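Below you will find one chain, with nothing else, as C-alpha cells; this is the form predicted on its own, and questions on how it binds or moves follow later.
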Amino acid sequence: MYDKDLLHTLFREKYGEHPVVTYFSPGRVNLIGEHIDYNGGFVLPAAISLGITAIVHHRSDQVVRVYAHDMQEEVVFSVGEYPVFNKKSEPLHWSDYIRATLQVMQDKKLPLGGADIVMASDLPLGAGLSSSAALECLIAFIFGEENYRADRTQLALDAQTAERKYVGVNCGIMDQFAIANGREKEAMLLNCATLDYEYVRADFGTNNLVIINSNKSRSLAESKYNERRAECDAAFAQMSPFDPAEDLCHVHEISLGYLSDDMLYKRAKHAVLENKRVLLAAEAMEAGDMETFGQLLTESHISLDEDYEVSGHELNTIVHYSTHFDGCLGARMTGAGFGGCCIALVEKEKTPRFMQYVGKKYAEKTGLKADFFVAEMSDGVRRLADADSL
C-alpha cells in the first residue's frame, strides 16, 4: 500500500484543504488456474497487499479531476462527457479505464457526482498483477460505494463490462472478482462458469509466496490472449457434438481424441488438465501439503509453456532457476504471459538467498533486473478506516 501521508500532502498541494476519504484497491495474484477463467474452469486467485491507494474528495458538482502520481499526469472531465471507445488505431490511456467504468455506471443510471482524486500505486504496471482491474474496481467503488458495498459480485461484473465493452479487451471475470471479494490470509476457489466460490486458507506454513516481476513488457499478451480464446472456442466446437460438457474445462479427457489438429489438441489439453490441477491445489492448501502444492505450480508452468505457449524466455528463465534452488518447492508464470510475473513457493529462512540467486542468474541470462515481493493476501477493494484516512 502506498504511503497515505505522502498522498494526503500531495492532495492538499493539488486540490487544497477538503474533507477526504481514502480508498484502496488491491492487485491480485492467481496461484493456479491460468487461461481457463474464460473456458468455464476453476481458478485460485487472491487479492494482495500491493495495489492502488486513492485520496478522494467527493464534489457537489459534476467535475472529475484525477491526478495519477505514478504517471505525473492529470485528467479533467465532467460526468457524462466520455469519448468514443475502442479506437483501435490509438493506444490505451490509463484514464480510459476510469472513463469506461463510469460509462458502465451511467448506462445503469446509477447516480454519479464529481470528485477530486489523487492516486498512486505500488503495483507494478503491466506485470500481470491486474493493475487495470484494480483501477476499474477502485473507480466503481469510489463513485458507487453505497451500491456496491453489499453486492461485490455486481461490482466485479460491472468492472468486467467496462473492460470488455468499452476498453475492448475480451477478459474473463477472475481479476475483477478476486479484487472485489478478496479476504485477508485467504485465497478464493472460484468457479468461473457459475461464479460460485469458497475461500481457501492461504497459510503457506514455513514458506513464503514470492512474486517475481520479470520486468519484461507483455507486448504480445493482448493479441495472443484473444488468439488463444479463439483457439479454445474452436477446440470446444469440435468436441461438443461428442461430449456433454458445457464448457471446455469440463470436457472428458477421452474426448480430446476427437481433435485432429495438434495445436487445438494442446490448447484443449491445457484447459482440461489445468482445471484439475486447481482443484488438487485447493485440496493441498487446505491440508497444508505444500510439497504437493509446489509441484502443481511447476506442472502448471510446464503446461503453459509447452501446450498453451504463453510463456517465453524470461519467464522460463525465472522458473528454471527458481525450481533448481534448494528451498523452492515450485514455481510458475502467473497472468497472461509473454512477460510479467512468476510466483515461487520458497522456504522462509532461504528466501533472501533465493532472491539473490535467482536475481543474479536472471540478470546474467536476460540482461534484465527482476523485482521480488513477498506476497501477503489482502481484503478486497475498500474504504480505509477513518483513522487511516486522516
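A residue's number is simply how far along the shown sequence it sits, counting from 1. On a predicted model such as this, the values are computed, not experimentally measured, just so you know.
Just so you know, the form predicted together with alpha-D-galactopyranose exists too; it's not on screen, but the next bit is about it.
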query: alpha-D-galactopyranose in the predicted complex: contacting segment from 165-173, 246-254, 148-156, 70-78, heavy atom within 4.5 Å; finding: 165-173
query: Listed residue that, although alpha-D-galactopyranose is not shown, lies within 4.5 Å of it in the predicted complex (heavy atoms), from Cys328, Ile48, Ala336, Val66; finding: Ala336
query: Contact residue in the predicted complex, chosen from Tyr38, Tyr321, Phe354, Phe42 - any heavy atom within 4.5 Å of alpha-D-galactopyranose; finding: Tyr38
query: Phe204: touches alpha-D-galactopyranose in the predicted complex, heavy atom cutoff 4.5 angstroms; finding: no
query: Interface membership of Tyr225, alpha-D-galactopyranose in the predicted complex, 4.5 Å heavy atom rule; finding: yes
query: Gly33, heavy atom within 4.5 angstroms of alpha-D-galactopyranose in the predicted complex; finding: yes
